[in-house]
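Shown below, as structure tokens, is a lone chain in the form predicted alone; questions about how it binds or moves come after it.
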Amino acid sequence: MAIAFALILVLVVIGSVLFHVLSPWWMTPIASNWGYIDGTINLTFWITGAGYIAIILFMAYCVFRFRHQEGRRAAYQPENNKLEWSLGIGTTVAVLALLGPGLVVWYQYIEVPKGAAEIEVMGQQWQWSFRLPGKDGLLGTSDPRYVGSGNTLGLNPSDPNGQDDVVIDGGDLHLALGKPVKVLLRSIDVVHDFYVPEFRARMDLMPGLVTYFWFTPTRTGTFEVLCAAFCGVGHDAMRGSVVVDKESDYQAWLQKQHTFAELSARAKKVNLPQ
């Protein structure tokens, strides 16, 4: 029985490795500069995988080596300093190997390069909205108190820097290929999470705070935006699209968008008494 159980443990290891190598699941093809994140994930797989294999094979060895035999008696050994030191040092090295690369990547993740364009993503149940700076290159200020008809992002109507901001309310966000972008994130209701799998970049949107990260699109195409934090009954439907264009296509798209001033004027015209 013990030999059969040890063999089962060995087969579990072999099956796990084959499933990982041969199964069709894997990360989507990357479309940003964050190859470091893929490298960190792969390193985590190697370290945890090696630990998993070592532990299961050690269990199989113990089951076989110390199986019941006639005349064999168990030896009581409450202390083993050599084993305890080995386990303590090995665990420490493994934890540092897991945390160290992640901390390095995190520092790069929040260290925005000079010249990166700022855009804003706002989440609300259950829709994504976006804002891009106008010709002045500056985003205007905002406050949830200003949220209302014709001002769904809550922009400050008295801030001149916000009048030419490009507002995309529920539409697709377009970005220029190869241009670094600092993404400012905010929510006006509950916690959301802006996640585009191909960009390897995500961050929570916290009510009352502005969070951020940055990335550089490296491949043209249309990429789905997901909310990776449960935000209510419509969570699964909170989706959007980011379209990465060549510079000429991006500029052509940008010229067709409406500014906050234009949307405000249209809203006032609609609300005028007849």
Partner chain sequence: MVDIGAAEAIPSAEVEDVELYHAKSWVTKYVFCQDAKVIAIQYSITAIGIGLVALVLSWLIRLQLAFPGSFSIITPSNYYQFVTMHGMIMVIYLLTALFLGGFGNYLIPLMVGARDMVFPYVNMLSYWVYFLAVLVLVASFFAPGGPTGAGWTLYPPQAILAGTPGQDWGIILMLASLILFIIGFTMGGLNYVVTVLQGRTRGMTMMRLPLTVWGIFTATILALLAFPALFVASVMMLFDRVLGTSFFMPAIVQAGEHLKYGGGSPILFQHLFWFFGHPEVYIVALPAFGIVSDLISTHARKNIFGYRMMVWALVSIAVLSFVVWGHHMYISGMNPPFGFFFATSTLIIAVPTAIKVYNWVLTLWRGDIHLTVPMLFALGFIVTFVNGGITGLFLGNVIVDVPLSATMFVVAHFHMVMGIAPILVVFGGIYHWYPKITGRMLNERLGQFHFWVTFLGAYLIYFPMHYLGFIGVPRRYYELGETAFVPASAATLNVAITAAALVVGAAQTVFFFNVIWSLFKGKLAGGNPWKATTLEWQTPQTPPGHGNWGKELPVVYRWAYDYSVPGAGQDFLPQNQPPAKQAPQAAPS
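In this text, rigid core is short for the largest set of C-alphas that superpose within 1.5 Å between two forms. Just so it is clear, the structure is predicted and the values come from calculations on it, not from any experiment. Numbering follows the first chain given and starts at 1.
Just so it is clear, the following notes concern the form predicted together with the partner chain, a form of the same protein that is not shown.
Colleague: So in the model of the complex, is the partner chain close enough to Gln257 to count as touching (4.5 Å, heavy atoms)?
Modeller: Output for Gln257 is no: heavy atoms all beyond 4.5 Å of the partner chain.
Colleague: Looking in the model of the complex, any heavy atom of Met27 within 4.5 Å of the partner chain?
Modeller: So Met27 counts as contacting the partner chain.
Colleague: Does any heavy atom of Arg200 come within 4.5 Å of a heavy atom of the partner chain in the model of the complex?
Modeller: Yes, Arg200 lies within 4.5 Å of the partner chain in the model of the complex.
Colleague: Hey, in the model of the complex, does Arg266 get a heavy atom within 4.5 angstroms of the partner chain?
Modeller: The answer is no: Arg266 has no heavy atom within 4.5 Å of the partner chain.
Colleague: Choose one stretch from 107 to 115, 158 to 166, 133 to 141, 174 to 182: the one whose residues place a heavy atom within 4.5 angstroms of the partner chain in the model of the complex.
Modeller: That would be stretch 107 to 115.
Colleague: Only counting heavy atoms and a 4.5 Å limit, does any residue of 52 to 85 reach the partner chain in the model of the complex, and if so which ones?
Modeller: Contacts from 52 to 85: Tyr52, Ile55, Ile56, Phe58, Met59, Tyr61, Cys62, Val63, Phe66, Arg67, His68, Gln69, Arg72, Arg73, Ala74, Ala75, Tyr76, Gln77, Pro78, Glu79, Asn80, Asn81, Leu83, Glu84, Trp85.
Colleague: For Ser86, does the CA position differ by 2 Å or more between this form and the one not shown when the superposition is done on the rigid core?
Modeller: Comparing forms between this form and the one not shown, the Ser86 CA shifts at least 2 Å.
Colleague: Spell out whether the Cα of Ser158 moves at least 2 Å between this form and the one not shown when the two forms are superposed on their rigid core.
Modeller: Not so; Ser158 is displaced by less than 2 Å.
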